[in-house]
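A lone chain, given as structure tokens: the form predicted alone.
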């Protein structure tokens, strides 16, 4: 079976690997190259800490729990295949979500709900919190420790996934998809700027551009770009030991507001730099430099870690996240275009959810076995249609 995977970000690369492993002939198509867009403009989060237990979003939490475990074995496998150094730079360093006094009670309640669905979340305060993060502001009253949070180097991890797929026979085509090839009401390939590619199935993993790409293929998919900015400091001795963020981050992730929202996310990298985020705003694909989110992110980060006030910024960068209006990824066959499968709408969780998403794609396209429940993520689900309407 030949499968065209459109988009060589982390979701496309992971899907290509899962499909190739299952025996498919895979053609990975991207207009710019592997990890050229969103997957190289993010922090590499592999989180369970930001996933809630409420019924509307619980399916994503369960997907995140499964995918988090998959990343551990996948990173070891990719490291072994590469043989000359880490293939993903997976850091299983855990996370600490913190609250100032007014936010302590909501954070504690959120963690209690998470524990009810199997997420490890330990409330810490006082000396225990300072032992985890000694450079936190004294204003911080309480934290929740999430030992299963992790991080990968997103561009490297995406490239390693794609390389592993190509070792199993996948091939990469640098081209832009322009239209669908249809026969008998079913998609049987794609037209590209480099020519036509026949296929038995097409998997669309175009991230924030998935809505536009779906329209070219005769489908309707409500995926919207959400811009986020990240600050990077110069290298320093390590003073942040986990992924640390304030409790406002969860609210920003789940918000439908199009206006600028910022929350504090701070973490060190193996290179010694500190990544500081994050912002969210819906401004289309406007990638012009924006001072307002940088100022807001910096001010909140200094409140959390006062030493950052004396730190020099190396650079800032922005990326677009694929936002689904009902806040769940879209994974499965298009209800109107047989043979077209979607894997998008992960917003800022694409890195973390990539292995589980890929398993679901292999299940939908090839019938591969999975213990995951595919139903909540189907493109024809009622919640997505209701919000889009």
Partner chain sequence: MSRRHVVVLGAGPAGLAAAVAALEAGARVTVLDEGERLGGQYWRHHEAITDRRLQHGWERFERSRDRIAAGIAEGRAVLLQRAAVWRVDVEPLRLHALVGKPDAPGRRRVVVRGDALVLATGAHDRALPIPGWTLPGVTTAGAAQALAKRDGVTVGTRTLVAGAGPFLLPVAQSLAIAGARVVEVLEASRLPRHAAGWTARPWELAAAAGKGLELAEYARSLLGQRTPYRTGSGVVRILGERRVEAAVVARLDRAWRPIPGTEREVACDSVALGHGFTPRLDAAIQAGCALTEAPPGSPRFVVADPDQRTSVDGVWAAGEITGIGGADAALAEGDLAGRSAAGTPHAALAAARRRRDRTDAFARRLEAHAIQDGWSSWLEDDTLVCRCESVEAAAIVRASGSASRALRLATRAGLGACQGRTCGSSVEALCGERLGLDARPLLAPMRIGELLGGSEATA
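Just so it is clear, the model here is predicted, and its values are computed rather than measured. Residue numbers count along the first chain shown, from 1.
Unshown form predicted together with the partner chain; subsequent notes refer to it.
In the predicted bound form, residue 198 stays away from the partner chain, with no heavy atom inside 4.5 Å. At a distance threshold of 4.5 angstroms between non-hydrogen atoms, residue 34 is in contact with the partner chain in the predicted bound form. In the predicted bound form, at least one heavy atom of residue 315 sits within 4.5 Å of a heavy atom of the partner chain. Among heavy atoms of residue 127, none comes within 4.5 Å of the partner chain in the predicted bound form. Proximity to the partner chain in the predicted bound form, defined as a heavy atom within 4.5 Å, holds among 223, 276, 204, 97 only for 276. Residue 156 is the only one of 175, 180, 156, 132 with a heavy atom lying within 4.5 Å of the partner chain in the predicted bound form. Just one listed stretch, out of 305 to 313, 278 to 286, 116 to 124, 72 to 80, contacts the partner chain in the predicted bound form at the 4.5 Å heavy atom level, and that stretch is 305 to 313. Heavy atoms closer than or equal to 4.5 Å to the partner chain in the predicted bound form belong, across 269 to 294, to the residues 271, 273, 276, 289, 290, 291, 294, ordered by sequence position.
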